[in-house]
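Below you will find one chain, with nothing else, as C-alpha cells; this is the form predicted alone, and questions on how it binds or moves follow later.
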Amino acid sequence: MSVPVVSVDRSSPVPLYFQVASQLEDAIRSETLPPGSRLDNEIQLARRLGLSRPTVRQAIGYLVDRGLLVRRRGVGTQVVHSKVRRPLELTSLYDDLGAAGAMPTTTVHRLDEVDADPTVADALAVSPGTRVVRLERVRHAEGRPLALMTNHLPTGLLDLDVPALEAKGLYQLLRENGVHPHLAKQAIGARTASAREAAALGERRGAALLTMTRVAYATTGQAVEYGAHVYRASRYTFELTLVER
C-alpha cells in the first residue's frame, strides 16, 4: 500500500527522518493508514519520496520503536493496531473502553469460591483460607483480546453471575449494589507471558505484558476487591498526568 503524500522541508532544522515519521504517525493516528496496512519497501519509499534509503529506514525504525509499525519476515512493514491508553484513575477497564468507543466485551472463564491464599488474604484483610469469590475474565476491545483479569472479592459482598459480568464492568456492578469504591492502592509492572496467558490473549509465549495489581476500598474503609490483571503491551498503555506540588 502506498503511503499518503509526504512532504519534507530541506531547509528546516527538523531532521528529514523525523519529518517523514511525524507525517506517517499522523496518517496512522487518523487511520488514513488503517491497522494492517502494508507499506512499500524502503527502496520504493525512498525513491517515491526523493529521500535516501537510510533516512527512510530511520523514519520507519522510529515508528517501530513507538509501536505504530511492525516488521514481519516475509510480509514487510505493517501498521499495527493502535494501543488503548488508559488514565490512572479509579475506574474499571470496561468503563474506560466504553468511554473511548472501543466496544468492550467480556468472556468469563471462572466464577467460583476459593480459599484465600496469603496474598489475597492480606489484600482483603481476611485470614488465609477464608472463602472468597474469584472471577477470571478476558476483556476484549473492538473484538480483540486485551486483558486477562483475575479478581477476588469478599463473599457476601454482592451476587454475581456470568451474564451480568459479560454485560457490565465490575465497578458498575459494585455501585449498583451499594458498594462504592473510593480509594485504591495500585502497582504497575511488566513481565513476559506464560503459555496460558499467551493463549488467552492471542499472543506468543514470552510476549511482553503489562501487569497491574489493585486493592480497592469502599467508602466504609472495607477492602472490596483485589485485582491482578495482565495486559498486552502491544496494545495497551497506562497514562498519567504529573503535577508539581
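So that there is no doubt, residue numbering starts at 1 and follows the sequence shown. Here the rigid core means the biggest group of C-alpha atoms that line up within 1.5 Å when the two forms are laid on top of each other. Note that the structure is a prediction, hence the values are computed from the model and not measured.
The same protein also exists as the form predicted together with the DNA; that form is not shown, yet it is the one meant from here on.
None of Arg191, Arg38, Arg214, His182 but one reaches within 4.5 angstroms of the DNA in the model of the complex through a heavy atom, and that residue is Arg38.
Of the candidates Gln172, Thr77, Thr105, Thr130, Thr77 is the one whose heavy atoms come within 4.5 Å of the DNA in the model of the complex; the others do not.
Contact annotation: Ile43 falls within 4.5 Å of the DNA in the model of the complex, judged by heavy atom distances.
Gly50 belongs to the set of residues with a heavy atom inside 4.5 Å of the DNA in the model of the complex. Shown alone here, Arg71 lies within 4.5 Å of the DNA in the model of the complex, counting heavy atoms only. Although the partner is absent here, Gln186 lies well away from the DNA in the model of the complex, with no heavy atom inside 4.5 Å. Shown alone, this chain has one stretch from 28 to 36, 55 to 63, 197 to 205, 174 to 182 that lies within 4.5 Å of the DNA in the model of the complex by heavy atoms: 55 to 63. In the model of the complex, Arg10, Pro15, Leu16, Tyr17, Arg38 are the residues of 7 to 39 with at least one heavy atom within 4.5 Å of the DNA, listed from first to last. Taking 2 Å as the criterion, Leu69 counts as shifted between this form and the one not shown: its C-alpha moves by at least this amount when the rigid core is aligned.
For Met212, a C-alpha deviation below 2 angstroms is recorded between this form and the one not shown after rigid-core alignment. If you fit the rigid core between this form and the one not shown, you'll see the Cα of Ala228 move by less than 2 angstroms.
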